[in-house]
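Before any questions on how it binds or moves, here is one chain, the form predicted alone, in structure tokens.
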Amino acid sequence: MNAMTKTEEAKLDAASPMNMIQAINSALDIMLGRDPNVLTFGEDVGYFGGVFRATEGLQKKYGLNRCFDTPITEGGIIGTAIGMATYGLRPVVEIQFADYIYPGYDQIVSEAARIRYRSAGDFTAPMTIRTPYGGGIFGGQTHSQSPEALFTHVAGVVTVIPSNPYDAKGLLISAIESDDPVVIFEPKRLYNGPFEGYPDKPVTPWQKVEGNLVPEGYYTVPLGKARTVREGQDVTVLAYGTMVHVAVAAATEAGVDAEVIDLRTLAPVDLEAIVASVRKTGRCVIVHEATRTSGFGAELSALVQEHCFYALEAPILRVTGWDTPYPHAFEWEYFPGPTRVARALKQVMVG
């Protein structure tokens, strides 16, 4: 793991255990309190506190004008946020599931991402879009998708995926303060505690897992910076979100000295951290739960090939979801678990 600064250590001394939902709620609470231009809205976000309770209590504390419900219209939610952002507000909108973000995709691509460029810098869109993504909760094909690659392809949009509560809070605060549109995909499998990659294995109590100690007050995690969560010498594993925990479990299962990099931000990706790790280990395995074809792993593979070719001692391997709709009955066959990742780690060591 990267060494903490004295400031970070001091903050953790005053931290308390939180799960990811609590950390997100804390970030929103802090930013609503610090900046009168911040507001949050979406389907069931207000009175109900969100389907996952990420905004619980915020309407009561800040009122109907700062935290409110919207109709079921993702294009309308995002379009409204763009208008607000261009005139000085900092909206944080929730799309209830990432599977439902597609009706608002045109607004993101054609308006939010391009407004700084097309106005020669006269307008920006300092808005944040939060949305739960990914599988592992038996949500079926319309509540388990991982569409992150579609957003990394769009110039002008920052794409973020946290893997633990500490990062979720710090990244969200950084996103709200950014003058660029930021899409944060929140791994719903991690909302209420840690996940070590097995559907039926007891996990460590979430209060004791690193990354779940979260400072109560204000702090930021920088956008565009990866984090080394496990040091290793033999192979680099590039992962994000839930797959970070799967990768760590797989390294233990495989008995391989793997270095696990949590990307945290996919666009802009921390190329410096990726290159430094792969040049050190000479091998690379990429893990994500989205479908394989044109997934973000393909971009990562290309970057590693372009920048680390002479350091590679084996072909780059990808472990991903399958090129099918997300299945309900066969979720754990689709979901890239530790066994599949461990198999790739062993293969790359002899490749």
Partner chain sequence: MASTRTAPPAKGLKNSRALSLRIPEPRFRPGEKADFSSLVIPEAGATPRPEVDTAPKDMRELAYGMIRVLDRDGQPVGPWNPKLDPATLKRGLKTMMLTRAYDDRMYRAQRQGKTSFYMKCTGEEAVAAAAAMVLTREDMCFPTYRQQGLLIARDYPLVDMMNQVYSNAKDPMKGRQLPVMYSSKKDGFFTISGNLGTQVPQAVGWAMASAYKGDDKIAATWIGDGSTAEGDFHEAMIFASVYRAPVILNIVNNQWAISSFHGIAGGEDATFASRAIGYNLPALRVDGNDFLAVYAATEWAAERARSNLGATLIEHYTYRAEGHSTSDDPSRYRPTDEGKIWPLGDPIERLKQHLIALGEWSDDKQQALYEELVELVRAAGRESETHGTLHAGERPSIKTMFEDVYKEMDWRLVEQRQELGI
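Quantities reported herein were computed from a predicted structural model and do not represent experimental measurements. Positions refer to the first chain, counted from 1.
What follows is about the form predicted together with its partner chain, which we do not show.
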### Close approach of T70 to its partner chain in the model of the complex, 4.5 Å, heavy atom
yes
#### Entry: Contact test in the model of the complex: G76 vs its partner chain, heavy atoms, 4.5 Å
yes
### Query
Just to confirm, L39 within 4.5 Å of its partner chain in the model of the complex by heavy atoms?
yes
### Task
Please run the contact check for T86 against its partner chain in the model of the complex: heavy atoms, 4.5 angstroms, yes or no?
yes
### Task
Would you point out which of 132-140, 211-219, 231-239, 183-191 contains residues with a non-hydrogen atom within 4.5 Å of its partner chain in the model of the complex?
132-140
### Task
Assess the spot marked by Q96, R118 and V157: is its partner chain within 4.5 Å of a heavy atom from every one of these residues in the model of the complex?
yes
### Query
Using a 4.5 Å cut-off on heavy atoms, what residues in 43-61 are near its partner chain in the model of the complex?
D44, Y47, F48, V51, R53, E56
